[in-house]
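Take a look at this one chain, the form predicted alone, written out in structure tokens.
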Amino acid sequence: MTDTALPRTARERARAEITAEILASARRQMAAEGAAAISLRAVARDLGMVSSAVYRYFPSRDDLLTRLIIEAYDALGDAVDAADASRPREDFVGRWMAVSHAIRDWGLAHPHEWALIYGSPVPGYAAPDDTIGPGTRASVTMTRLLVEALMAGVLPPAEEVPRKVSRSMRSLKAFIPVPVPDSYLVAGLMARTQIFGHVTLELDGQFNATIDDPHAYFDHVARMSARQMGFAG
């Protein structure tokens, strides 16, 4: 969850305000030229600050990128969690649809942030471990929904998957607190890929000449992915 604690002292408030201005400037750069073009010197020029002052807040461009990435992931995670909480716990189809639409809505509203976290890697930047938790929030919520449906006994019988596929998901299984049959994990991964992949293609303009009503089409895709996971409705 995003840290919402308010700064208490005047110095803390001033630091928070300048940090917010730096992040806003970096987002403007990202919108105009892409994430790879972000630089602390450009931020300093934009804000009328000396470069050394900006470096006191973010020691390097990579630190600034990391903060932007974490905030983007957390904003998406907040939207997904709010959507999931808006539906009754036993309404697995409704929860999945709400979460899926929240992902698309957030992506359409924040295309540059979406490109930052799901687009091509920024040359020369390696994301630190600090990004892992925020980066998995949306997927964790979607996986939790699948696990809860399994525990509620509403999913169809599990199917066998090839042993090679089962072995390939060892790392995924380590993140899930209860045993989940492999066929459900495959279905969940496929469904999440459909949702995130659709949003990426839509933002890239790949549907402009082929889909006249992107919202209706996405709604159908999300509903089909819910069926694919075994949610009734």
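If you're wondering where the values come from, they're calculated on a predicted model, not measured in any experiment. For clarity, a rigid core is taken as the largest C-alpha set superposing within 1.5 Å between two forms. In case it trips you up, residue 1 is the first one in the sequence shown, and so on.
Although it is not shown, the form predicted in complex with the DNA is what the next lines describe.
Checked against the DNA in the model of the complex, the residues S183, Q194, T200, S39 give one hit for a heavy atom within 4.5 Å, which is S39. Remark: of stretches 203 to 211, 163 to 171, 186 to 194, 48 to 56, the one touching the DNA in the model of the complex is 48 to 56 (heavy atom within 4.5 Å). Within this chain, A20 is remote from the site of the DNA in the model of the complex, having no heavy atom within 4.5 Å. Proximity of R61 to the DNA in the model of the complex falls within the 4.5 Å heavy atom cutoff. The closest heavy atom approach of H215 to the DNA in the model of the complex falls outside 4.5 Å. Using a 4.5 Å cutoff between non-hydrogen atoms, R11 counts as a contact of the DNA in the model of the complex. Relative to the superposed rigid core, V50 undergoes a CA displacement of at least 2 Å between this form and the one not shown.
After superposition on the rigid core, the Cα of A216 moves by less than 2 Å between this form and the one not shown.
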